[in-house]
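One chain comes next, on its own, written as structure tokens: the form predicted alone.
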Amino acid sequence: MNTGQMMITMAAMILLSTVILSVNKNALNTTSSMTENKYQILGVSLGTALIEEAFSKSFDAYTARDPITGDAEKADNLSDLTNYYSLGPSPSERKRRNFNDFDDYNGFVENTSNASMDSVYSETLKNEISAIFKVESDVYYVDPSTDSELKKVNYRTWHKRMDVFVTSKFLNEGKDTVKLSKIYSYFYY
């Protein structure tokens, strides 16, 4: 093999090494992106599950069904509803399974690593998810007639907003937060 053939062989080896490195880099980037998307979807699923659970409850403690009789009160006046500074679970509703109305989720915080057995996450834990998420929620009154951005108001209205925040160190290394919001309005026919 002469010097010219050696130079061509060396150039081919360098070109081949560059192509292999480029393919490996792209494969790693794709895998990383797919993993991050998986965690984002999982975070959205956890948040959506909490919102759907809250929407399955009564609008307010006053309108909640009596567990014994099954009867529910009808709120005719705003003064029938829970005051804005009292939103959250009552002392008898310390566990999530005892929540009976929408605003019981105000101040709710749960971590998927220490979810209790009455939690929806316990089923997820059985499936051994590898990421740990922190799920928090806030519930407050909003007034769409005065504020198009639906910010928190300090008086009772027929509309409550729930914000759910899902964080994890697996969501862009802890820099991202999944935020979901939904408004629950009271209508009685």
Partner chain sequence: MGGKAILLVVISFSLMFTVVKYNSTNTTAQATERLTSYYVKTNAHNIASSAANIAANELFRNPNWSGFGHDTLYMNGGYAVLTVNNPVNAKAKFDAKAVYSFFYAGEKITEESRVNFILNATNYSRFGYYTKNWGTGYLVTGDTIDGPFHTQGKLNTLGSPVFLGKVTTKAGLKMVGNSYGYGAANPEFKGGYETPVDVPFTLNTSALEGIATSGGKLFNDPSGHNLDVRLKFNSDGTVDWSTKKTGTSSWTTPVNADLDTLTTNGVIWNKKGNIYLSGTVNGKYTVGTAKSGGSTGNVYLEDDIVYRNDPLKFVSGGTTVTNPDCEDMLGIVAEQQVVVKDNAANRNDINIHAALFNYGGGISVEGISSSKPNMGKMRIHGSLIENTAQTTGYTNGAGYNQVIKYDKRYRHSTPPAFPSTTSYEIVSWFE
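Numbering follows the first chain given and starts at 1. Keep in mind that this is a model prediction, so the values were computed, not measured.
The form predicted in complex with its partner chain exists for this protein as well; it is not shown, and the discussion that follows is about that form.
In the model of the complex, its partner chain sits within 4.5 Å of a heavy atom of Thr146. The shortest heavy atom separation between His159 and its partner chain in the model of the complex is within 4.5 Å.
None of the heavy atoms of Thr3 is located within 4.5 Å of its partner chain in the model of the complex.
Residue contact check for Glu73: one or more of its heavy atoms lie within 4.5 Å of its partner chain in the model of the complex. Contacts with its partner chain in the model of the complex, taken as any heavy atom within 4.5 Å, map within 6 to 25 to Ile8, Thr9, Ala12, Met13, Leu15, Leu16, Val19, Ile20, Ser22, Val23.
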